[in-house]
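Next up: the same protein chain in two forms, each one alone, written as structure tokens (structure 1, then structure 2).
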Structure 1
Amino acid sequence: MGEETARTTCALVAADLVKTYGATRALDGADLEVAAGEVHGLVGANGAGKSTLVKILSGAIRPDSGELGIGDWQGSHASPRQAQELGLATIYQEASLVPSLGLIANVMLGRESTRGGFLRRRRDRESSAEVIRRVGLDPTARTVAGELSPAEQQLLEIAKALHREARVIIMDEPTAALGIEDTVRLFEVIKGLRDAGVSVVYISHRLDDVLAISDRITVMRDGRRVTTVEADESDEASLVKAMIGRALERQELRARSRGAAVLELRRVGQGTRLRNISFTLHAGEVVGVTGLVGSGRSRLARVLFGAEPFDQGEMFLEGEPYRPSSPAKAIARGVALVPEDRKRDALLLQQGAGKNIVLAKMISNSLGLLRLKRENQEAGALMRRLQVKPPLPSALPASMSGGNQQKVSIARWLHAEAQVLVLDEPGQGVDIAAKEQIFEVIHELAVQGCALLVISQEIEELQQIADRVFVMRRGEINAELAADEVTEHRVVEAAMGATIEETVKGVRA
């Protein structure tokens, strides 16, 4: 299909949408046009209104005003069921799969016909198997959805959408938890969908991914569209400028002086999942940890934080044996973790953001009431710095966008004055400007003498902040790279035992 014909028909239209929550204008006249058979990127800072737009399109919420078009249908609101029947499917970051069911059962879920009998059910099973195959999974595998990797779960969600004959698939931050191998795989499937005439709306804070996969990109700011551009004619710098209204300079944040040894691990292991982990972390340094999903990075973090046990080796904190039996014990010893799954970091959604931020410190220091007031002011300053929207300690996380909740969760631990701070994917889900601020705070904490372990699969992030990087593979530290050795090639080789070219070829084969 030629470009021109593809664009003459719109698969999805949003015109002049307005949505307010009290005094907040989540959408302030937002527009979007998605052509049939196009991959359309949607970007914007945290709180720009992306998810609100998606929720309106999918029927989850009703706009105050504005018009929608899905295929030939036009109106101001479609119910979720109607939107689905019109061919719209939405894939959120939190999978809607049932972990204990198999692949085919998940695809068929909610669609099984109680009537219709044996033949019909068999046809349904066959068509389910067909879409599962189409996204590159094996329908005959005797696995349940819960055992799939995050990437495979997303592929299964796509299969589900295909089985419902979706003509437009919206993905709200689909690659947040995916490594490079998985991202390549997901992109291959998305391209296949586009070639079959399906439209994909792709929302992500990873601008290089958005540029790579999209035909066109719409940039939102403050509830409105700033511009829609051809991906070919755009680049990261111009997207950032449209998103935040200014250019962003990336600062070199390395070069610190290393202090005394703080945390030491000697041959630490957990079954076969973590093996033989030995290293020493010094005050004032930022050590990066990377590796594929499942290589043991997050598990190592949870062991350090007392959230999981270890059964081999020893740990020492300032020379004293360290064997935390719970996160509370770890916090009491000055060890903190910003978990990857920040939804489970249990923000008190109905308590002010400021209170959430001072909470961790209260646990470790038992603050008096007088100090609490000052702490609250500091929390407010940190919120302004990370550009939390709105930047008020009284604001409830429940009414914040996903990325802004993440910032509050990160601020909580940045504020906790830990001696050892472990951050699991601190850049995930937050916009590029906030990420820069988070990295600056990480750097300042190191300068003040904190020892930091930063887990990230973004090589650029590690290049920016880490003094050295551990690359994990199958539960072990497979390589330690000095700052100037951290290149995409070195990291990928150590993480997979193969070159990027081989990996990409393997995925495509």
Structure 2
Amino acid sequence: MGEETARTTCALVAADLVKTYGATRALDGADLEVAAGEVHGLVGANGAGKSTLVKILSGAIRPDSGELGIGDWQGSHASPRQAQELGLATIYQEASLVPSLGLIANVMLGRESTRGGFLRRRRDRESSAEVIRRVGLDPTARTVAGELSPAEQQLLEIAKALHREARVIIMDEPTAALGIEDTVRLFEVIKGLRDAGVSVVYISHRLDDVLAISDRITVMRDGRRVTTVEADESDEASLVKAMIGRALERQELRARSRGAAVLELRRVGQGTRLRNISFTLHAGEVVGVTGLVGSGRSRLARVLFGAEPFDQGEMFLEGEPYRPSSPAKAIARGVALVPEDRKRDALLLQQGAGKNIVLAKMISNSLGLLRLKRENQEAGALMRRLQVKPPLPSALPASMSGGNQQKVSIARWLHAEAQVLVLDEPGQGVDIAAKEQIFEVIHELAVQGCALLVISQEIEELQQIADRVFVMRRGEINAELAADEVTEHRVVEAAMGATIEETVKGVRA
């Protein structure tokens, strides 16, 4: 932002907020101050209090004590409706759009104008079309929200906020499911909002994104604000140190040997969505898979796990034909999947973590009765090994942070002793300390002889853990890179046929 005059006006203030849940103090005197017309990054490890703070700001929950300020309003609590009327909008990671409605209908939902009891449809179309165009979407497109890409859904959420005349927009993990091109596009829209005087609170575990888009950054730890820094005077290492209270020491994870071939694909295809997929995965090997959203990487994972069929080619597991008709068949053969959307596809959120962990391999006695005590003992041991917080088999995943949910998902397959483990975006929505722990577990599994396929759009993650990387494009493996060949430019060129500079130039044109 740069101009000190703009910093003199506060758009959003939280002062000394406290919120407790039983014996847990989620916020312990938290502070946040956002200037008018700035992008303010908000970072912290899982469990630092970011989500609780956002819920209080948006009116979803009431603090035990503390003060809030939204524009000229001051008080201890604003209801969700009042917060919206004061000009605050929150865009969560899970879109709040109605999938079956079009763009204009989603923007206008609940705000339709009337005269004499009749809807003023023409006026609604004109006002909503203006903000839809402002974020770079086409209001005349004959499509529904459910058909939009993740990036387009984010932009439509921003259009909704603008139509409600929001002066402060909170964005929670806005780029979690976006590739490079879509992230650049979103950043251009965010910069446009800032230039128009709208304040943006940008929450993300992607510290490079936070540094790139923010003017200032607030770091939270243990329910408090640790520091607020100028983005251009900070770096990833200093943010990590503030987040976890120490410098992060990354371990060298590649010192392992490759064993015998475990899984082989020969020209596997699924209509036009997957084509000519051929590779061999060995015991003790970590192979990365990357590519743009829609490149086929997650579809490949579902085919390997028996969640989707393939209609071309062959697969072999330890030399035997492998054609799983369901995930249960895949699990029986020792193939497992940690899916991209853990809340929807992996976890029973309202069942205990222990039950989630033993789900794939129920332990029975000779009478076929569940041995609950032994299950809890084994689940508890795995939770302690993965440093799940809290390490209690009775703890509900619904109340856990994203990083701890991911650890529970992985613990299930440690318990089942999976032979082939596919992990789809294992670091998504996970703070940097938890991510390092997950990577160490991946390395340990490889050392023990497990064959792992790790799907990620984070190139830095693959550089850290993969022995080699497949880059997918339009349903095919377009390139195979050795570990020392994995660079951002090489991956982008293989995924898009263009360099990063060309991609950014094309988006801005």
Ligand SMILES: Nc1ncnc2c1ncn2[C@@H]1O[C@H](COP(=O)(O)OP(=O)(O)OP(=O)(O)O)[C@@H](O)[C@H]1O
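Just so we're on the same page, rigid core means the largest C-alpha set that superposes within 1.5 Å between forms. Model, not experiment: these values are computed from the prediction. FYI, numbering is relative to structure 1, first residue = 1.
*Asks:* Have a look at both and say which one is the form predicted together with the ligand.
*Replies:* Structure 1 is the matching one, since it is the form predicted together with the ligand.
*Asks:* Do you see a C-alpha shift of 2 Å or more at residue 288 between structures 1 and 2, with the core held fixed?
*Replies:* No; that C-alpha moves by less than 2 Å between structures 1 and 2.
*Asks:* Once you line up the core, how about residue 394: does its CA shift reach 2 Å between structures 1 and 2?
*Replies:* Comparing forms between structures 1 and 2, the residue 394 CA shifts at least 2 Å.
*Asks:* Cα of residue 212 displaced 2 Å or more between structures 1 and 2, core superposed?
*Replies:* After core superposition, the C-alpha of residue 212 moves less than 2 Å between structures 1 and 2.
*Asks:* After fitting the core, how far does the CA of residue 381 move between structures 1 and 2, in Å?
*Replies:* Here residue 381 registers a C-alpha shift of 4.8 Å.
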